[in-house]
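In the block that follows, a single chain appears as structure tokens, in the form predicted alone.
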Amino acid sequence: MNILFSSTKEKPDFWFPLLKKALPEDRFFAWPDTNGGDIDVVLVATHPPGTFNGLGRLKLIQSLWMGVENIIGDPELPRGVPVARLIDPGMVAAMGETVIAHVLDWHRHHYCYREFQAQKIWKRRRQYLASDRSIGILGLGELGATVAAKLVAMGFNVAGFSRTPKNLPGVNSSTDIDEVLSASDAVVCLLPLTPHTRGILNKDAFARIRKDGCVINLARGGHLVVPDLVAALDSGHLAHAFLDVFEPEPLPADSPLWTHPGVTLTPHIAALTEPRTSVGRIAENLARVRRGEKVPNTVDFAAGY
């Protein structure tokens, strides 16, 4: 098959050696070289405009990331071609590590102790057991389910929100987001960004989270209403926020989030696609295309992800 690599973020020079080793019989092209339109599969991650023009024999659009809002929002997206999200084991593992790091930072008050150190204050905060805390996971897909299992294993109470009912061991799951928020001391957002989830982390959501809780947004910046978060932190209702995603990115220098004492921010690094662990999944999907089989984790356009 002829495979086009098109991305403004990922580098073909890094991916091609791994892809060619996994798929030695296929031919690879880097956009804008579209091989005269004779392309079977496109690998994309924040693709340049015009990527899909003239690709009349396309069988699959494979995202190199788990998020697909940039792809399905492209007005030039060819109709009828399946779009597959990438479920990368390395990314899933990294997301679990990041969530646990932030939950423990809040749970063990390390965000406070960093500030105490800066001010040379010797002061202890009350210690809590994991079983004293309830963590709400918004989104129980591959990422959310894995994170929830890790937190359950550590002894935390875990509640989870999903669009459709889920049955996960040790997780109090619900399709009612208000129910999950009200039961949570800390809330982790791992939702896909859709018209229904944009702005979902707003003043009403923050008011439902238990006092002295925290918000951890590792999904998309569009989920968060920044002025509402700042107000919830300034009022003392929320103790801290851990933010990895923003709108726009990079975060503008004049954003109040850079200097707010209640915010820990990172530059969208919670879980990066790991080519060494994801190429195998891509190869499996292309094998299915070759056999004429349905590729898993394709976008449900009605749901928006």
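Quantities reported herein were computed from a predicted structural model and do not represent experimental measurements. Residue indices: 1-based, along the sequence shown.
Just so you know, the form predicted together with a small molecule exists too; it's not on screen, but the next bit is about it.
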| message | Just checking whether residue 30 would be counted as a contact of the small molecule in the model of the complex - the rule being heavy atoms within 4.5 angstroms. | response | no
| task | Spell out, yes or no, whether the shortest heavy atom distance between residue 213 and the small molecule in the model of the complex is within 4.5 Å. | result | no
| Taking 4.5 angstroms as the cut-off for heavy atoms, does residue 192 touch the small molecule in the model of the complex? | yes
| query | Is the gap between residue 102 and the small molecule in the model of the complex 4.5 Å or less for some heavy atom pair? | reply | no
| said: At 4.5 Å by heavy atoms, is each residue in 166, 218 and 269 next to the small molecule in the model of the complex? | reply: yes
| request: Within 4.5 Å of the small molecule in the model of the complex, counting heavy atoms only, one of 154 to 162, 113 to 121, 71 to 79, 204 to 212 shows up; tell me which. | output: 154 to 162
| query | Out of 150, 133, 109, 85, which one falls within 4.5 Å of the small molecule in the model of the complex, going by heavy atoms? | reply | 85
| request: Go through 180, 95, 186, 229 and name the one with a heavy atom inside 4.5 Å of the small molecule in the model of the complex. | output: 95
